[in-house]
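A single chain comes next, written as C-alpha cells; it is the form predicted on its own.
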C-alpha cells in the first residue's frame, strides 16, 4: 500500500481495527492518550506520533475511533488537534459513534482546512473488530466513499453508504436503539421465566425459534451456560460496554428531542443502563443490565 494512514484512538475497538490495517499492508502512524496503547501498535509495526496534529502532518488519510463527542471534538479542534496539521486534500474518516451535529461541525472544520470527511461508525463487538467483520455505516460524499471503500473493507464486511455527512451517525443511533432496548427486553424475559421455574436452556430454545428471537438473545443470552460465547460466561467481559450503550441511547434521545419524537422505550432503557453503571458495572458488557434484575431478585 502506498498511502500513509493515521489512526487516532486505540481502545477496545480501535486497536484491532488499526491492527487489521497493518495486516493489510498499510503504513500506519498512530496516537492515543494512553502511551501503552501506542506501544502495543508500534510493536506490530506502526509508527508512533506524539499528538493528533503529528498524525495529520504525516498522513494522507486519518481514521479516528474515539469514545464520545467531546473526545472527537478535542482530537479535531484541540491545541494539538489534527485540524492544525491537516494536509490539503487529506481525508478524515471518523468512525466514532457521536452526535450527528458534532460530526457535521467537525466536517466543516475539515473542509475549511482543505480536506474531506466521512463519518463511518461501526456496529459489532470487539471480536468482530478483530476479525474485520464489522458493519460500517458511512455518511459523506459518495465519491469519497468509493475512494475509501477498500480501506474500510479491511475493517468491515458490510459497508453501507447511508447518505450525506452525519447520516452514518444517524443510522448507527437508530441501530443501537434497537440493540439497547432489546437487550433489556431479553433480560426481563429470562428473569421472569427463571423466577417462575423455567429452564433457561428451554427458554432460549423456544425464544430462538419463535417471535422472541433477536440478535441480543443470540449473542448475549443473560443466563450462564446457555450460549457459549455470551459475556455472562466471562464475568460480562465487554464486547460493547454498558457506559457506551448509555451514551448512545442518550444521543438517540437528544436527536429525537430535536424532532419532538417521544421515544418512551428508549428513555426507559437509557435509565436502566444508567442505573447499571451507577452500580459499578459501567465498564462491563451492556448485557450486564441483567445484574439489576438479579439484585432485585436477591433482595
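Note that the coordinates shown come from a computational prediction; the quantities given were computed from them, not determined experimentally. Numbering follows the first chain given and starts at 1.
Separately, the form predicted together with a small molecule exists; it is not shown, and the next lines address it.
This chain is drawn without the small molecule; in the predicted complex, the residue among 90, 182, 126, 219 with a heavy atom within 4.5 Å of it is 126. Note on the interface: of 224-232, 104-112, 185-193, 90-98, the segment with non-hydrogen atoms within 4.5 angstroms of the small molecule in the predicted complex is 90-98.
When the small molecule is considered in the predicted complex, residue 240 lines it closely, a heavy atom lying within 4.5 Å.
Although the partner is absent from this view, residue 244 contacts the small molecule in the predicted complex, with a non-hydrogen atom inside 4.5 angstroms. Proximity of residue 207 to the small molecule in the predicted complex falls outside the 4.5 Å heavy atom cutoff. Taking non-hydrogen atoms only, residue 31 approaches the small molecule to within 4.5 angstroms in the predicted complex.
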